[in-house]
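In the block that follows, a single chain appears as structure tokens, in the form predicted on its own.
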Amino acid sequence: MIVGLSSKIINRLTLYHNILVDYVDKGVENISSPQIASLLKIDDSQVRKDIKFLNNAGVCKIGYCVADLKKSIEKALGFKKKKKAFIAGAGNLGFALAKYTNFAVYGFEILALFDNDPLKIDLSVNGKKVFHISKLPELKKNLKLDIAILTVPRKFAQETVKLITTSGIKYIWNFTPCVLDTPSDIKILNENLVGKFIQFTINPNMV
């Protein structure tokens, strides 16, 4: 894993990886930086600059070996390192994320869901069971969970975060429309879907 990559570079590398996975499925052996740039509508020089971080040399007039470049990105971004997660909030978004099978490609494994609705307890989605939220501290220890994905309604967000952090979880992927109050040692990734959509409609080139 390469430490210190900016969020923009990481985002572009994951997009490159998506393209490479598609090329592998199609049996295409080589790809050029202009091809990648064209698909993503970005500058070719940016693609070459990003790939330099991977120490993956292309071949003149041929480009990059698709399989090798794919492996280089997976190594650089730590896809092989397993990251165990759970979803707090078994609603529509929580279920949708639990059904998303491609997380496993990136070493991201969702093991369970939690909710406080008695009608949802013991349901299963994509092989993942829904537990009562009160079971979180116990199961965090047993399942060795690392990351919380927060998809609860706004009114339950802060109290759920308090339970998550007191259970020893240090990483939270927040899908709620809330700015959360957490201890200083907690790392939060706020997934501002509305903000990104508005940004895209105002200036697509900045997304």
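From a predicted model like this one, the values you see are computed outputs, not experimental measurements. One rule holds for the numbers: they count along the sequence shown, beginning at 1.
Below: the form predicted in complex with another copy of the chain, not depicted.
Problem - Heavy atom of F95 within 4.5 Å of another copy of the chain in the predicted bound form - result: Contact with another copy of the chain, yes.
Problem - R154, heavy atom within 4.5 angstroms of another copy of the chain in the predicted bound form - result: Yes.
Handout entry: Non-hydrogen atom contact V179 with another copy of the chain in the predicted bound form at 4.5 angstroms
Key = Within the cut-off, so yes.
Exercise for the section: Determine whether any heavy atom of L150 comes within 4.5 Å of a heavy atom of another copy of the chain in the predicted bound form, and answer yes or no. Expected result: No, L150 sits far enough from another copy of the chain in the predicted bound form that none of its heavy atoms falls within 4.5 Å.
Exercise for the section: Heavy atom within 4.5 Å of another copy of the chain in the predicted bound form: which of K83, K129, K71, H132 fits that? Just give me the one. Expected result: Comparing distances to another copy of the chain in the predicted bound form, the residue within 4.5 Å is K83.
Exercise for the section: Counting only non-hydrogen atoms and a 4.5 Å cut-off, give the residues of 95 to 123 close to another copy of the chain in the predicted bound form. Expected result: Going through 95 to 123 in order - heavy atoms within 4.5 Å of another copy of the chain in the predicted bound form - the hits are F95, A96, L97, K99, Y100, N102, F103, Y106, F108.
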